[in-house]
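Next up is one chain by itself, shown in structure tokens, the form predicted on its own.
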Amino acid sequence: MIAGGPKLEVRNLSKNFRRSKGEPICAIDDLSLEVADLEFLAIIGPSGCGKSTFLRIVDGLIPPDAGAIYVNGMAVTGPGQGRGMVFQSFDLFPWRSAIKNVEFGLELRGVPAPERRQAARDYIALVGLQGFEDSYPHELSGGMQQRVGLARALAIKPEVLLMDEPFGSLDVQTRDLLQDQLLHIWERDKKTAIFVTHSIEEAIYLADRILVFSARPARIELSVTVPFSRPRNEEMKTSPEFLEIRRTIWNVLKKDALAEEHLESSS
């Protein structure tokens, strides 16, 4: 992390969703936080607590009801503006080859064809998919599709990389491999990153800092600074420090889950 002003600021953010019947659902209520320049921040919390909603608001995909988000002091008013998103569901265009998917954001920005083709090739190589440039999504494994999604987000050279459980639908072995590859890419081409996950171990392994969100509406229950140096290695996962951080986070999540269950049973 670099000293100085925050790269991203969230001020008093709130979001409600209206239902066809019943009261509106409050997903986020008066949430404020800061992310430092080049910080890798992980966010973890119970299912349905507003993590993905929060990330989509940061990306400008959905508007907040109140509050504001700033990147480099400039208010976020829509998609783009120095942010790139990697989704859990890959979200690749099935009619486009891998390289054409990676080129997509550059096309929207009007980058000339030769320049965007070279950039796409560079990022496909970076994520280890040389030789698969002309393959279509249905010809690629889930892990390979997610690498294409990561390359697509990186190709636009975002200042802030947003990742919404990008490895959540993958098998354990593929997930572990992609975690290491993501760390390798981040070490080489450092960016401010916000990574949403359900996995405590994944959050500790990847991040500089972890925010634990409460059950809906989202609020920050706990902020944990990860004490491990970089580059990270598998041995840290069995260290007493790693296990203690995991226990601390799990105790907070478990308390919230039990409180939510009690609330539902008494309603």
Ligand SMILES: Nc1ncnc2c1ncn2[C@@H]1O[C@H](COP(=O)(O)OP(=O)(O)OP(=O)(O)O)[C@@H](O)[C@H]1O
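One-based numbering along the sequence shown. All values derive from a computational prediction rather than experimental measurement.
Omitted from view is the form predicted together with this ligand, to which the following refers.
(message) Taking this ligand as it sits in the predicted complex, is residue 198 in contact with it (heavy atom to heavy atom, 4.5 Å or less)?
(response) Yes - in the predicted complex, heavy atoms of residue 198 and this ligand come within 4.5 Å of each other.
(request) Flag residue 216 as yes or no: does it have a non-hydrogen atom within 4.5 angstroms of any non-hydrogen atom of this ligand in the predicted complex? (result) Heavy-atom contact with this ligand at 4.5 Å: present for residue 216.
(message) Considering non-hydrogen atoms and a 4.5 Å limit, does this ligand approach residue 21 in the predicted complex?
(response) Residue-level check for residue 21: no, no contact with this ligand.
(request) Spell out, yes or no, whether the shortest heavy atom distance between residue 133 and this ligand in the predicted complex is within 4.5 Å. (result) Answer no; every heavy atom of residue 133 is more than 4.5 Å from this ligand in the predicted complex.
(request) Sort through 181, 88, 72, 174 and report the residue having a heavy atom within 4.5 Å of this ligand in the predicted complex. (result) Contact with this ligand in the predicted complex is made by 88 alone.
(request) Only one of 227, 231, 48, 63 comes within 4.5 Å of this ligand in the predicted complex by heavy atoms, so just point that one out. (result) Selected option: 48.
(request) Heavy atoms, 4.5 Å, this ligand in the predicted complex: which of 64 to 72, 237 to 245, 24 to 32, 204 to 212 makes the cut? Say which one. (result) Result of the contact check: 24 to 32.
(request) Can you tell me which bits of 137 to 168 touch this ligand in the predicted complex, meaning any heavy atom within 4.5 Å? (result) Going through 137 to 168 in order - heavy atoms within 4.5 Å of this ligand in the predicted complex - there is one hit, 165.
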